[in-house]
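Consider the single chain below, provided in C-alpha coordinates and representing the form predicted alone.
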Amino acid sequence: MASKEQPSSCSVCGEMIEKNSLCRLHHLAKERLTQGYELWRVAYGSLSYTDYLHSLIALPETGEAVAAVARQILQKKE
(Lines give C-alpha, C1' and ligand atoms only; values in the text may rest on other atoms or scores of the structure.)
Protein backbone atom coordinates (compact mmCIF):
# COMPACT_ATOMS: atom_id res chain seq x y z
CA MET A 1 0.00 0.00 0.00
CA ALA A 2 1.50 3.33 -1.08
CA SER A 3 1.59 6.06 1.52
CA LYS A 4 0.48 9.56 0.70
CA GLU A 5 3.20 12.13 1.20
CA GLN A 6 2.22 15.15 3.22
CA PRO A 7 2.94 18.45 1.45
CA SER A 8 5.84 20.34 2.97
CA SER A 9 4.75 23.77 1.79
CA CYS A 10 1.59 25.83 2.13
CA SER A 11 -0.90 25.15 -0.65
CA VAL A 12 -1.59 28.90 -0.89
CA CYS A 13 1.81 30.61 -0.66
CA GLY A 14 4.49 27.92 -0.59
CA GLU A 15 5.78 28.70 2.93
CA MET A 16 6.46 25.92 5.45
CA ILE A 17 3.22 24.29 6.56
CA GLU A 18 1.91 24.28 10.08
CA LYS A 19 -1.42 22.44 9.84
CA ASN A 20 -3.65 20.91 7.15
CA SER A 21 -1.34 21.88 4.25
CA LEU A 22 -1.37 25.56 5.26
CA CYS A 23 1.21 27.87 6.81
CA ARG A 24 0.41 29.58 10.09
CA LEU A 25 -0.98 32.71 8.41
CA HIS A 26 -3.27 30.89 5.99
CA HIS A 27 -4.37 28.36 8.60
CA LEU A 28 -5.44 31.27 10.82
CA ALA A 29 -7.17 32.91 7.85
CA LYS A 30 -9.12 29.70 7.18
CA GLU A 31 -10.19 29.51 10.84
CA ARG A 32 -11.36 33.13 10.65
CA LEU A 33 -13.33 32.33 7.48
CA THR A 34 -15.12 29.50 9.26
CA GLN A 35 -15.88 31.63 12.32
CA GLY A 36 -17.02 34.56 10.19
CA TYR A 37 -19.37 32.42 8.14
CA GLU A 38 -21.38 31.54 11.23
CA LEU A 39 -21.84 35.25 11.98
CA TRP A 40 -22.77 36.10 8.40
CA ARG A 41 -25.16 33.15 8.16
CA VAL A 42 -27.04 34.34 11.25
CA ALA A 43 -27.08 37.94 10.02
CA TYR A 44 -28.12 37.20 6.43
CA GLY A 45 -30.28 34.13 7.00
CA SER A 46 -29.78 31.54 4.29
CA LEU A 47 -26.34 32.40 2.91
CA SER A 48 -24.39 29.63 1.23
CA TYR A 49 -20.71 29.19 2.02
CA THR A 50 -19.90 29.81 -1.65
CA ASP A 51 -21.83 33.10 -1.69
CA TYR A 52 -20.12 34.09 1.55
CA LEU A 53 -16.68 33.49 0.05
CA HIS A 54 -17.54 35.44 -3.11
CA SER A 55 -18.82 38.33 -0.98
CA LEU A 56 -15.65 38.42 1.11
CA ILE A 57 -13.39 38.41 -1.94
CA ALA A 58 -15.33 41.38 -3.36
CA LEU A 59 -14.93 43.47 -0.20
CA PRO A 60 -11.95 45.85 -0.25
CA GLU A 61 -11.64 45.43 3.54
CA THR A 62 -10.87 41.71 3.23
CA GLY A 63 -7.23 40.97 3.94
CA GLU A 64 -4.99 39.33 1.38
CA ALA A 65 -4.55 36.11 3.36
CA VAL A 66 -8.28 35.60 3.85
CA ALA A 67 -9.01 36.41 0.20
CA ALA A 68 -6.32 33.99 -0.97
CA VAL A 69 -7.73 31.16 1.15
CA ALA A 70 -11.28 31.97 0.00
CA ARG A 71 -10.18 31.86 -3.66
CA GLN A 72 -8.43 28.53 -3.09
CA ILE A 73 -11.53 27.03 -1.45
CA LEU A 74 -13.68 28.21 -4.36
CA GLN A 75 -11.24 26.75 -6.90
CA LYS A 76 -11.38 23.38 -5.14
CA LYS A 77 -15.20 23.46 -5.21
CA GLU A 78 -15.26 23.92 -9.01
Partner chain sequence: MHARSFKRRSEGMTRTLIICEKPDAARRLAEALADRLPPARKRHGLRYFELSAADGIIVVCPVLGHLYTVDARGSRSRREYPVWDFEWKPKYQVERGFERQEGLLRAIHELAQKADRFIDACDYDIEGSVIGYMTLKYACGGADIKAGRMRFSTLTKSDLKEAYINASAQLDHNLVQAGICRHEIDWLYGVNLSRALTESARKSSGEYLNISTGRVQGPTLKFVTEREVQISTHVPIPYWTITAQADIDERTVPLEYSKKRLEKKIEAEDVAANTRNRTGRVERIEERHVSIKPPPPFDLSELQSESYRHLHLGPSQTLRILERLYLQALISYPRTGSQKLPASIGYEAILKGLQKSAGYRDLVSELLSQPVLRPVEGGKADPAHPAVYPTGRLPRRLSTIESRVYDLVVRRFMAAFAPAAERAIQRATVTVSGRYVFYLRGSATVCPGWMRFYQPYGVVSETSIPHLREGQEILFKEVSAVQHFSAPPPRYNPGSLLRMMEHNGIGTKATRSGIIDLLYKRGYVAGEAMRPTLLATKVIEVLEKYCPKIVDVSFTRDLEVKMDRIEAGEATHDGVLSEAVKQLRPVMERLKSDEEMLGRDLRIAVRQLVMEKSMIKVPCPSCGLALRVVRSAKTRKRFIECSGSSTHQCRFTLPLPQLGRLEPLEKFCERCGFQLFATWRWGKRPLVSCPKCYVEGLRRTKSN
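Residue numbers count along the first chain shown, from 1. Given the structure is predicted, the values throughout are model-derived calculations rather than measurements.
Not on display, but discussed next: the form predicted in complex with its partner chain.
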According to a 4.5 angstroms non-hydrogen atom cut-off, is residue 33 in contact with its partner chain in the predicted complex?
yes
Please check if residue 19 has a heavy atom lying within 4.5 Å of any heavy atom of its partner chain in the predicted complex.
no
Should residue 70 be counted as a contact of its partner chain in the predicted complex, where contact means heavy atoms within 4.5 Å?
no
Although its partner chain is absent from this view, report whether residue 56 comes within 4.5 Å of it in the predicted complex, heavy atoms only.
yes
At 4.5 Å, heavy atom to heavy atom, what parts of 11 to 29 sit next to its partner chain in the predicted complex? List them in sequence order, or say none.
15, 16, 24, 25, 28, 29
